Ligand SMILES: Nc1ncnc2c1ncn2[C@@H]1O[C@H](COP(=O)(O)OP(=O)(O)OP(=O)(O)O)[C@@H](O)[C@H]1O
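In the form predicted alone, a lone chain appears below as structure tokens.
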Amino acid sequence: MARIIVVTSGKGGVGKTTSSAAIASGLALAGHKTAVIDFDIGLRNLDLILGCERRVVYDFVNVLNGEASLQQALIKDKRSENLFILPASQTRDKDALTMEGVQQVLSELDQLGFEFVICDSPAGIEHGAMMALYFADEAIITTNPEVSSVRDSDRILGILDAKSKRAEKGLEPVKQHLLITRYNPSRVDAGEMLSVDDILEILNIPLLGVIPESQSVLNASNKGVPVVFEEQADAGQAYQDAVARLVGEDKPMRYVKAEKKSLLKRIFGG
């Protein structure tokens, strides 16, 4: 059975789509057949970050409406033979998503032998987000180290526990993972950001990864290349670590402590 994983948060702009692209790409690079679906109907962005925007012919809603087959709409990534993208529609309304239609697409992906289906959720709790959440086996709660972002993520945890298919059917709860993005240990030490421990105390779910605040994320997105391919970048390495943990590997948590300045730097500044 495919593992259906939603990448979600309560707040917009926390890095869900960047994380969806990086995690899906990382899984594919590790040899896992992976599909990533953009649930943000009307505001398509996943294809841009994955660099396949010019190759979109059919989209998620075309498949739901029977205007194209799933195989016609899936875009094979040029960098990894194991990664396929199902883009959102830019011109349709979020109400185009139906329970029956989404269930059918997920079932087809399972039948096609996909090991992972990553669902890139819109922000908040509107229709597209609820559809992405409903069918999830696992959820990656993506949050920035700020109070409003963490509070909104806590709301999403409540929805997962109450309104997912697993909750409705009385099945084992949706497995929850915490991904902290745009983390800067120096700003934490300065009291400008919540610490990892602060966030864990509030949300109380297992930590999947900490992605450092990094220019490499923006650079990669602008180039249409998921940052996980930037092997020398700290953010790329952090996403690689998160992917490894997702498939059961034990990896130490990097980029959570501020670097100590050397004696020379403390004397001469810098």
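Each residue number is its position in the shown sequence, starting from 1. Computed from a predicted model, the values in this text were never measured in an experiment.
Another form exists, predicted together with the ligand; not displayed. Remarks below refer to it.
- Exactly one listed residue, out of A123, L74, V150, V105, brings a non-hydrogen atom to within 4.5 Å of the ligand in the model of the complex: A123.
- The ligand is not drawn, but in the model of the complex it has no heavy atom within 4.5 Å of S25.
- For the chain shown alone, V14 is a contact residue for the ligand in the model of the complex, at least one non-hydrogen atom being within 4.5 angstroms.
- Although the partner is absent here, E213 is a contact residue: one of its heavy atoms lies within 4.5 angstroms of the ligand in the model of the complex.
- Using a 4.5 angstroms threshold between heavy atoms, D40 counts as touching the ligand in the model of the complex.
- In short, of 205-213, 62-70, 241-249, 26-34 it is 205-213 that has heavy atoms within 4.5 Å of the ligand in the model of the complex.
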